[in-house]
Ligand code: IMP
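Okay, here we've got a single chain as structure tokens, the form predicted on its own, with questions on binding and movement later.
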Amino acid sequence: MKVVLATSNQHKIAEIKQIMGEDFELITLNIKVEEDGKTFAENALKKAKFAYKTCGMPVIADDSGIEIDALNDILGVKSARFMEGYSYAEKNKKILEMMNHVPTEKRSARFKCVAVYYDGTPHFFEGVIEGRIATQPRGKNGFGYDPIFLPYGYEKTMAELSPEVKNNISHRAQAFKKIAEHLKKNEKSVQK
């Protein structure tokens, strides 16, 4: 089944291809949309509507980020724009500096992803993985904030986990598995 994926992020494309599996042929569409929504859902829908208008086909778009309880509203929907222009290594270093005196029990965090399948009507799917912020960056398998995020139940950061494990438990995996199920269930109407 062919599906348009509205993103230019190569890491994300590789992850989503692995998550959704061989039943889907993802056609990527590189779009630039200002992500100025107040929620992940608003940003995902804005991207999806723009891509739908551009290509005239149903599309998938998402927005995701990290929420760190000790840092209140600094990240969340603004995760990608935090310290804009700096590398993620520098962003991670700054976050760890800001949390230098935060004890382990107060380092709770979560990754959230809201994905939308848009065919003229939005269909939203959410994924959340809870965890905590590490005291130093570790691992090379992930991207973004993965090196500083320890999912609950694991002693490894998201960047230390194998792609197979990460793509089974991540916030993005949860959201895109739901989209894949939705599309398979509604395959006849999707391929009109």
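Bear in mind the structure is a predicted one, so any value in this text is a computation, not a measurement. Numbering starts at 1 and runs along the sequence shown.
Here the subject shifts to the form predicted in complex with the named molecule, a form of this protein not shown in this document.
- The stretch among 119 to 127, 56 to 64, 23 to 31, 132 to 140 whose residues place heavy atoms within 4.5 Å of the named molecule in the predicted bound form is 56 to 64.
- In the predicted bound form, Tyr52 stays away from the named molecule, with no heavy atom inside 4.5 Å.
- Of the heavy atoms in Lys12, some are within 4.5 Å of the named molecule in the predicted bound form.
- The named molecule in the predicted bound form is not approached by Glu160, whose heavy atoms all lie more than 4.5 angstroms from it.
- Contact check for Glu35: a non-hydrogen atom falls within 4.5 Å of the named molecule in the predicted bound form.
- Along 106 to 123, one residue reaches a heavy atom to within 4.5 Å of the named molecule in the predicted bound form: Phe111.
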